Ligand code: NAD
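Take a look at this single chain, the form predicted on its own, given in structure tokens.
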Amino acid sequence: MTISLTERDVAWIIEQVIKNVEQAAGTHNGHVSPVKTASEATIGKTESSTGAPLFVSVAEAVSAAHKAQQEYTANFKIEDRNNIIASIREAAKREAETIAEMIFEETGLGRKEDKVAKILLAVLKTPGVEDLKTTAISGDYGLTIEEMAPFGVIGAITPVTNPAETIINNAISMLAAGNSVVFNVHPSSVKCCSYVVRLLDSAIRQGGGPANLITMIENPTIDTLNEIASDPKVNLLVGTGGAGLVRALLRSGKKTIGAGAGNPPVVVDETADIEHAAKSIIEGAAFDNNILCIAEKEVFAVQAIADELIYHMLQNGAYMLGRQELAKVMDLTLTADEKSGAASCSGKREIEYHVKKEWIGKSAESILNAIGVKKDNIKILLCEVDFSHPYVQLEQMMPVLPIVRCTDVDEAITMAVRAEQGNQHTASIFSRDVVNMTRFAKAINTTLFVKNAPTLAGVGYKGEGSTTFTIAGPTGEGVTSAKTFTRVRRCTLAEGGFRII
């Protein structure tokens, strides 16, 4: 039997085959298939040759992103970028609970409900193309326009603490600015990040954009990071993580935007609304079990109000560790190493403490259970300590909050500045005294400075302003957004350009 096929028939068959392939890979018509639980979600390995956003080879991932970015800048208008960003927002918002569950299941860090809140914060409050402003200067000698132009291909490194949130936030900002991006994610968050990158790539294509504006390395390592940093097609490096990561990227010699560590102090003076301060500090410090770099890490309370502050904290979900309990928690969550070098005058060597990774992001109740204390509905563990205590000096990322009593606000500010250790990241104060607030802000000079609210307000959570998950203190860009990932292009039309021939 002979079958005669028209061109229309052939086109229909091809379309059905493509749909079947997409469905087998977990997508259909730009939508990721519903996932009941994170363990049931199938990411699936996709070969580079399919053009999907996950690549084994760094060279292929960069090349695909480079090709997509060239097409993006040549053929897509600002309005097109708007449509693409809207599609990304819709997809990420729709899948927020699934993504949060996947993050929690894979990383074991934080609280699922808080991860949903972080994802929605990235979706709803990351600025898009509206962040880009063109300026014009006109006069007797012609017209000059300064516009925000893309860098090209960006190599982005993301942390395990905010893996998918950072990808969503970075993708919106970087694509709004006209770039493409290659992600080298933290190895402990590969599954959830793969899911999100594929989700966003599908959303971009559904929004009318080219494939591979965002790509990801399937098996990220320090070696793949170095390959991305050295690839000549990568024009800008963006790292969200610790100080070591930022230093490594800066050594590449390329333009680098680095978001490093933070150890945010809180000052509470005698003029503050103490009950409000207690509730706010607990809300911020307990959020996602304190894994955010902006979260309150240590409190410096003026002696006159310290007892009242602690009382209200205990009424709002805090538990005060006794001396023996504190010793047990320290033994559980910290490692102690003797520093090399000469001993002190007393003959004792100085001890250097590190947080045990297995306790980062774990709940206050699980820490208490591990030391034999059974308590329910505990959000944060308090401990009264002196300034030199390791919980004050470390960015410990656990729901353990040290409180240091200070003689007055002057001592509190001095200690807080020292504890922040020059990270220039985040700090906060609770006070009704404008002079005290201003003095502390100038002394500590952090990117985020929050007054009378949880530090989360500094990134738009129950506060005004935009959000970011890449707070570039070390390299000076501060709160990043679309305009951060652009370079100024000056276009000048001189007087002779207006001559009519």
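This one's a predicted model, so the numbers in the text were calculated from it and none came from an experiment. Counting begins at 1, following the sequence as shown.
Omitted here: the form predicted together with the named molecule. The next part is about that form.
Across the proposed site, 159, 187 and 395 without exception bring a heavy atom within 4.5 Å of the named molecule in the predicted bound form.
For the candidate set 309, 96, 225, 286, a heavy atom within 4.5 Å of the named molecule in the predicted bound form is found for exactly one residue, namely 225. In summary, among the residues 261, 355, 250, 370, the only one with a non-hydrogen atom within 4.5 Å of the named molecule in the predicted bound form is 261. None of the heavy atoms of residue 196 is located within 4.5 Å of the named molecule in the predicted bound form.
Remark: residue 467 does not count among the residues lining the named molecule in the predicted bound form, judged by a heavy atom distance of 4.5 Å or less. When contacts are judged by a 4.5 Å heavy atom cut-off, residue 268 does not count as touching the named molecule in the predicted bound form. Among residues of the shown chain, residue 65 is not one whose heavy atoms approach the named molecule to within 4.5 Å in the predicted bound form. The stretch among 206-214, 381-389, 121-129, 240-248 whose residues place heavy atoms within 4.5 Å of the named molecule in the predicted bound form is 240-248. Residues of 278-302 placing a heavy atom within 4.5 Å of the named molecule in the predicted bound form: 293 alone.
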